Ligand SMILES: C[S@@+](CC[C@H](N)C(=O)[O-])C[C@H]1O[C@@H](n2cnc3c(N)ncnc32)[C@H](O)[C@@H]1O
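Let's start with one chain on its own, the form predicted alone, as structure tokens.
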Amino acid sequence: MKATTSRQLAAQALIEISSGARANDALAAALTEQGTDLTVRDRAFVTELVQGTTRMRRAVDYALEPYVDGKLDPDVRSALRMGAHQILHLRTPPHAAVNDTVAVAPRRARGLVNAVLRKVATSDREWPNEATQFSYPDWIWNLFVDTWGEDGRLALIAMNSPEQPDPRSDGYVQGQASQWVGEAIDAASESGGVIVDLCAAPGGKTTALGSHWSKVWANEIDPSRARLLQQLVHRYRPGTNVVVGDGTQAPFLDGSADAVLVDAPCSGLGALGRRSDARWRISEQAITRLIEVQGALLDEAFRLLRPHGVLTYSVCTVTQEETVDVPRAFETRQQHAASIEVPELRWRRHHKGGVVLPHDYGTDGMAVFQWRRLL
């Protein structure tokens, strides 16, 4: 039986994505089920073809559009997108990108794929705007630029080159900005004690907490994610107590924790580099729903805190609503919450907290806020 090539594997995953599968899931399934014989280099190439083509979809489709008439079948469009991505963004020699893509295209459409990709390779194009050139929905591009100016533009461009995080000392692979959140928690709560992570899955921040915590509770609302969380903490932080529960109605007593982490569900707009299809899935309207959940989680977390306990709020996004408006509204509701200054090392000052933009250090965009309960 002939082995599946890297491009065949990538093309199959892209067809799944075009049918509604999530990019990370389709890629993982392809590599697990058919890519086990690939070299490390070939697996990385499959990853780039799948994630890069998905990420740069708007730019790729714009380049293809003048040479494509009518509606294309998903397998044909996926092949064209993959080939165009190699020409436009990977700087693959055009003859190689065209020939290798034609070889994995559906037999009925190989002539079309050959002709279209050759035109893409030889054409001079002018981008209508930077949102198209750098492949973002207009609303995301405008939101970043309106909020952050030139920094917003640079942040978006940076997220087209995802972070390649190094493993922690225990071997767990976690983004740097997420690790810095854990460091901020430990620094603000040097005496340790009991800590509750209200939205713990997948468990990276839970397992990164310092050794001075005497008891760690990891709460997760979704039972299937909680099972995966249990496996992770068993490996990286044995003794952690995993609980299945709604973080807005947490199964803990008033004043039972010395610290609480709310790593809240958010728009994820600071993590678009490692979530290649997220920019096409998230809607502007979803932010309104998310900020209600974030506020409810903060209020519940504050209920759990003992006097002088520390509350940490983090989100992998940089929107005004989620990183300024939510903390500000929380402070208005909770008069006994005193803001703690986040260390300036790495973090930009942002309202009363800190933010890292993706182009600052080549990481996810991340925001963190901390408060101490006075009474």
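Heads up: residue numbers just count along the shown sequence, starting at 1. These numbers come from a predicted model, not from an experiment.
This protein has a second form, the form predicted in complex with this ligand, left out of what is shown; the following refers to that one.
Can you confirm whether P307, R333 and H336, the three residues that make up this candidate site, all sit within 4.5 Å of this ligand in the predicted complex, judged by heavy atoms?
Not a single residue of the candidate spot has a heavy atom within 4.5 Å of this ligand in the predicted complex.
If the cut-off is 4.5 angstroms on heavy atoms, which of these, G193, G255, P202, P251, is the one near this ligand in the predicted complex?
Here the answer is residue option P202.
Could you check which residue among P265, P137, G111, P106 gets a heavy atom within 4.5 Å of this ligand in the predicted complex?
When this ligand is considered in the predicted complex, the option within 4.5 Å is P265.
Tell me which of 214 to 222, 117 to 125, 277 to 285, 80 to 88 has residues with heavy atoms within 4.5 angstroms of this ligand in the predicted complex?
Stretch with heavy atoms near the partner: 214 to 222.
Is there a non-hydrogen atom of D146 within 4.5 angstroms of a non-hydrogen atom of this ligand in the predicted complex?
Judged by the heavy-atom cut-off of 4.5 Å, D146 is well away from this ligand in the predicted complex.
Wondering, does G239 line up within 4.5 Å of this ligand in the predicted complex on heavy atoms?
It does not: once this ligand is placed as it appears in the predicted complex, G239 has no heavy atom within 4.5 Å of it.
Taking heavy atoms only, is L198 within 4.5 angstroms of this ligand in the predicted complex?
It does: once this ligand is placed as it appears in the predicted complex, L198 has a heavy atom within 4.5 Å of it.
Taking heavy atoms only, is G247 within 4.5 angstroms of this ligand in the predicted complex?
Contact check for G247: yes, within 4.5 Å of this ligand in the predicted complex.
For the stretch 285 to 309, I need every residue with any heavy atom inside 4.5 Å of this ligand in the predicted complex, listed N to C.
Stretch hits, in order: V293, L297.
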